[in-house]
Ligand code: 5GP
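Only one chain comes next, encoded as structure tokens, the form predicted on its own.
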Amino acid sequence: MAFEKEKFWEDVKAAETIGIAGHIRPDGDCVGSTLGLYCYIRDNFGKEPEVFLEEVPKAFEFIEGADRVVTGYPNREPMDLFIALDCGDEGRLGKAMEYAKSAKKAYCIDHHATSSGFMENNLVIPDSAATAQILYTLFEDDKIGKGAAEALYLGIVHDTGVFKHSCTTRETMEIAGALLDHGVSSSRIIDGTFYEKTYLQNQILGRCLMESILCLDGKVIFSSIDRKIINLYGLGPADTEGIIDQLRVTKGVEVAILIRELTPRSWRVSMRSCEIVDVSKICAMFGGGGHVRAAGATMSGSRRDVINNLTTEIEKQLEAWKKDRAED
């Protein structure tokens, strides 16, 4: 069903119980989007939506509403309205999908090119830099409070890599500027949640860089974190944030790959590219998805199997690109 902005806000206004959820392993855009929408509805409709996330990373705990997040996915009565944010498919929504199935009305607002449009009502804009950016276009600027503004700014900052990724557009920058007018501290959000690292994060970053390997004539760099290292350092998912981005900026590299072992022979894959390779297509082949320049998947096999499968697909795209340039 096509998304209608006016109908969406009518449904928000009519609902007595509202649930908001983001994807598993929440990142900045996921947390920013869910809490941004929470604050906006609370401030303008006098309602208290429930926000469901697996966790709120410590770096994001200062965002207004973070202390209200429900992380246990408890059994509850069906909600009048359920809104999924920054989710491309049912699997990414995790246990919160049960709330969506039982809700009287369900919406999905997302910006992933691989989004399946799995809800009753879907608003998917792949050209948008972040789901937080889409939400801003649904909000009335003069009704955005500081809490909602900070949350949306967080989402935009993280999904654009502090406005460096190719998804950043003029509209992205204009929206970010408008959010600053609501009292957002740019330095607090950028330094505090993007650049600032704990000692443990710096340790594991250094290790990943030291043990990284170049292949495909220096066009690909990869590093891995196995269970032995995870247990040795006591790592959580948030402790590996930023490693893939540091790998990507290695001179001459087109694609960066970071794999983290979840269970024996099961790996969480993160991929980033610079200008040529569409990593979302590669990740989609292995049951994942994401953006053209940033995507992920979960893959099975040995470390060698995973890297070989990924680099084979990367090489195909690089060869096709070379062929197209030669023909031009």
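All of these numbers come straight from a predicted model, not from anything done at the bench. In case it trips you up, residue 1 is the first one in the sequence shown, and so on.
Missing here is the form predicted together with this ligand; even so, the following discussion is about that form.
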Worksheet entry | Ala295 within 4.5 Å of this ligand in the model of the complex, heavy atoms | yes
Fill in: Asp89: touches this ligand in the model of the complex, heavy atom cutoff 4.5 angstroms
yes
Worksheet item: Within a 4.5 Å heavy atom cut-off, is Thr114 in contact with this ligand in the model of the complex?
Response: yes
Worksheet item: Any chance Pro26 has a heavy atom within 4.5 Å of this ligand in the model of the complex?
Response: no
Fill in: in the model of the complex, the one of Gly65, Gly289, Pro57, Pro49 near this ligand [non-hydrogen atom within 4.5 angstroms]
Gly289
Worksheet, complete the sentence: Assert contact residue (this ligand, in the model of the complex, non-hydrogen atom within 4.5 Å, options Lys281, Arg42, Arg268, Arg303) equals Arg268
Discussion item. To test your reading of this chain, name the stretch in 171-179, 185-193, 106-114, 71-79 whose heavy atoms come within 4.5 Å of this ligand in the model of the complex.
Written reply: 106-114
